[in-house]
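Heads up, the chain below is alone and in the form predicted alone; it's given as structure tokens.
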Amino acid sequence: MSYLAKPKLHHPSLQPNALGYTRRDYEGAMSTMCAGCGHDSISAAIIQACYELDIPPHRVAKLSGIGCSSKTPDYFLGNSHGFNSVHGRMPSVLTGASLANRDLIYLGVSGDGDSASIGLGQFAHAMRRGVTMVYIVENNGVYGLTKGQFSATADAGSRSKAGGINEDSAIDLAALALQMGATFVGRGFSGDKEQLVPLLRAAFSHGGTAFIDVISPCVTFNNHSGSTKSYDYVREHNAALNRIDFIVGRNEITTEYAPGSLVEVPQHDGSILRLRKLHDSYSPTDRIAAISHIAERRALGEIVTGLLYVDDQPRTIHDHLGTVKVPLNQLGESALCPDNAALTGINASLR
């Protein structure tokens, strides 16, 4: 689809970073997300953070699972390594890659369906094992790729576009990451780039298991029962040669608010998102206090954003396992084929 191709020309006024790259060099393919989707704002924030940190694109390995969020790595860091895994299994693939080559910067991109449902076990174990990575969940509370069913992060009592009420309690991935041992935990809003970009910069610079839960509203809850324009109705009465979908564009939802303040952000479906930005005096070094703060604000119907917790001396899976610093594909024969004395020592240690 040639009309989705980006122009190859760069504007001469684009400012290069310390490596000589412009912001365009950190971009990817044209996005196919719905107009106004918060996921595109997260992609833009990742691009900005990597550009500002002078990260060489070829040193980044980006991995994802399945879902709208897992499509987004195609839209940023086009010159980086990439792997799109299966539903919910991104953390184990990333763990294997990290163990094989610790020289790369690992970025895992997932969604609330990918991480809080089928991949919940994988998510929890990646947190507790101390995998060196930046793990981003693009959280919209629905299965947007399959037309708006509630996901495991949808709040109890919330209403779908179809009118259904969610009766299940929500999984708070930030609180779970804290409980499972992540050494950097933050939460942001896709429409608040002023907060999200510094959070991402800090996560990339952390050196341990960094998790960021990004609230990213889905602008398209469609296919409600009773509509003659619904997918079910059209499929029952349609004999078309192909299926074409049209989604009305929406304006992106953005906001600005001061540290310590509460802002109510109206959503396209009429609901209200209540965001509470952490105060400048908040200390993010107490894991138990962070869990309590999340719970207290959640009881008031508020979503806390900002750096919730950080361990400034994180231990990683490489520390636990004592892995070598040399990538496995660069180890020579002498390291991979121990002599008889080394094998005798290994066997003796296992008796």
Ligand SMILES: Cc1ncc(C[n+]2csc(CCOP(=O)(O)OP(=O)(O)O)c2C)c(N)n1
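Since this is a predicted model, take the numbers as computed values, not measurements. All residue numbers refer to positions in the sequence shown, first residue = 1.
There is another form of this protein, the form predicted in complex with the ligand, and it is not shown here; the text below is about that form.
No member of the trio D213, K277 and T305 reaches the ligand in the predicted bound form with any non-hydrogen atom inside 4.5 Å. Just one listed stretch, out of 177 to 185, 134 to 142, 159 to 167, 198 to 206, contacts the ligand in the predicted bound form at the 4.5 Å heavy atom level, and that stretch is 134 to 142. Of the heavy atoms in H125, none are within 4.5 Å of the ligand in the predicted bound form. Interface residue remark: I118 is counted as part of the site for the ligand in the predicted bound form, having a heavy atom within 4.5 Å. Heavy atoms of S271 never reach within 4.5 Å of the ligand in the predicted bound form, leaving it off the interface.
Mapping the unseen interface onto this chain, T146 counts among the residues with a heavy atom inside 4.5 Å of the ligand in the predicted bound form. Taking a 4.5 Å heavy atom cutoff to the ligand in the predicted bound form, the contact residue among I294, I55, A45, C68 is C68. Using a 4.5 Å cut-off on any heavy atom, the residues of 110 to 138 that reach the ligand in the predicted bound form are, in sequence order, G111, D112, G113, D114, I118.
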